[in-house]
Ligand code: BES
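Only one chain is included here, represented as structure tokens and corresponding to the form predicted on its own.
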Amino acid sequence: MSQVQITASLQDLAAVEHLVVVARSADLAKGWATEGLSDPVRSWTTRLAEDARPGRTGGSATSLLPDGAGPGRLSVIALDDTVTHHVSDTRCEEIWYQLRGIASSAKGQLGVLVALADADHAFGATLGVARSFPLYNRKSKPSKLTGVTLGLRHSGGLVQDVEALKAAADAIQLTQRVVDMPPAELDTETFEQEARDAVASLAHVRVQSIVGDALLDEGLGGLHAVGRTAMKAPRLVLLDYQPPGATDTIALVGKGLVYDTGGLSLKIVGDRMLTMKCDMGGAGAVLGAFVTLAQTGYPQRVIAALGMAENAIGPNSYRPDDVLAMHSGKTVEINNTDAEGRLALADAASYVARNYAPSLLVEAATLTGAQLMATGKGHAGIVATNPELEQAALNAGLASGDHCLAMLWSPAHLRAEFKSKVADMRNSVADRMNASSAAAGFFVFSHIEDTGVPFLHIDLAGPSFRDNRATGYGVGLITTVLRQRV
């Protein structure tokens, strides 16, 4: 299937085999959502809207149309007219929730027309549509869906500036594809190549990597230990976008665990290891955001650090009771090898904070199962080192449709969780019932605390991988956080 194409003309939607109209119930009733479409399509949209009763995640109805009425099939997705203050008015999540079901059985060319309550909602709505059509597919029979054409309209007409939206749609599908790839296809070596391929055509971008034992030469003992026994070496991949005239530097750090067995603290309860291919969702989101920013001409320098490793088991596995020397200079006693992501992140964050002196460091990771308990499957949990940054992230979540909620930020409460009698700290909390997801974010921060760099941590364990498919979550949130700064 081709990627989503975005159009600024209703004529491109006239020839599709299946048309989906998406709008709030009130806008469907007013009729402006379908202006410019044929009279039969408008009439049938009104009929179907009566059956598409919206709930929390919207509602949909589909019908075959008579010959000559327009597309052979018409679907209407009706969205609830109001949302709470914790839910994005772009309706990114509801669009994805309803559209993915229609997409799974669609044939031929599919058209999607989204009626926006506000033109500013176009970015979030685009992400909701794009994530409904993930690209990774290893089924023996090819998809019968040949392509997707998206049109976005508001009360004043169709959105015309579609290039930036297309870049974001492509990036979110890139993120989904690499997260969906199983570890037999995406190891650290191939993940690095995917990242290099994704930025190869972008201007002002350089790539370098620190691989295997070279990590130890750079003091990255945590990242090295996590991945040292895997068949493919761990690595820190650095993407550097530096446009002419840049006056600021922002760092992005992503957890790139291509697979997580738990290490010697093996994930043996139930099916806890299943889906751990998604443990590089943070690095996938950072890659997608970096590509979007560079492709759309972001004016400031952006450094993306992807800490890649496979937490495998072998004769050289790192062990509980080991003490690791980290890039920050701190020593960490290992009390749980399944708390590996924070080791990789702490080294990556310390490396970029000390080598590039960014004005902000944004880190994203599928870091804890506790995040789902704290903020749910649809909202990432964030911690930020100052209230202005926290509010900026919350605003970015609502603007982009990548929902997030703030977790506890109090080093005084969280520091004690990592006390060690033989090292500077341990890598896992003493009490899992004491804000453990926020504590994991604090662990990463503790390795850059002395640099004074403002820090935003995004735990996207829940929203990045749902119903056994990657969502591309984080591309919109990270991109918007950075765009709000210029």
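Numbers follow the displayed sequence, beginning with 1. Because the structure is predicted, anything quoted here is derived from the model rather than measured.
Absent from the display: the form predicted in complex with this ligand. The rest refers to it.
- Although the partner is absent from the chain shown here, 272, 339 and 432 each have a heavy atom within 4.5 Å of this ligand in the predicted complex.
- In short, of 128-136, 364-372, 75-83, 115-123 it is 364-372 that has heavy atoms within 4.5 Å of this ligand in the predicted complex.
- This ligand in the predicted complex is approached by residue 461, whose closest heavy atom lies within 4.5 angstroms of it.
- Interface membership of residue 428, defined by any non-hydrogen atom within 4.5 Å of this ligand in the predicted complex, is confirmed.
- In the predicted complex, residue 199 stays away from this ligand, with no heavy atom inside 4.5 Å.
- Contact annotation for residue 354: none of its heavy atoms lies within 4.5 Å of this ligand in the predicted complex.
- Residue in contact with this ligand in the predicted complex (any heavy atom within 4.5 Å), chosen from 276, 210, 398, 167: 276.
- Interface residue among 377, 267, 204, 413, judged by heavy atoms within 4.5 Å of this ligand in the predicted complex: 267.
- Scanning 244-262 for heavy atoms within 4.5 Å of this ligand in the predicted complex gives 255, 260 in sequence order.
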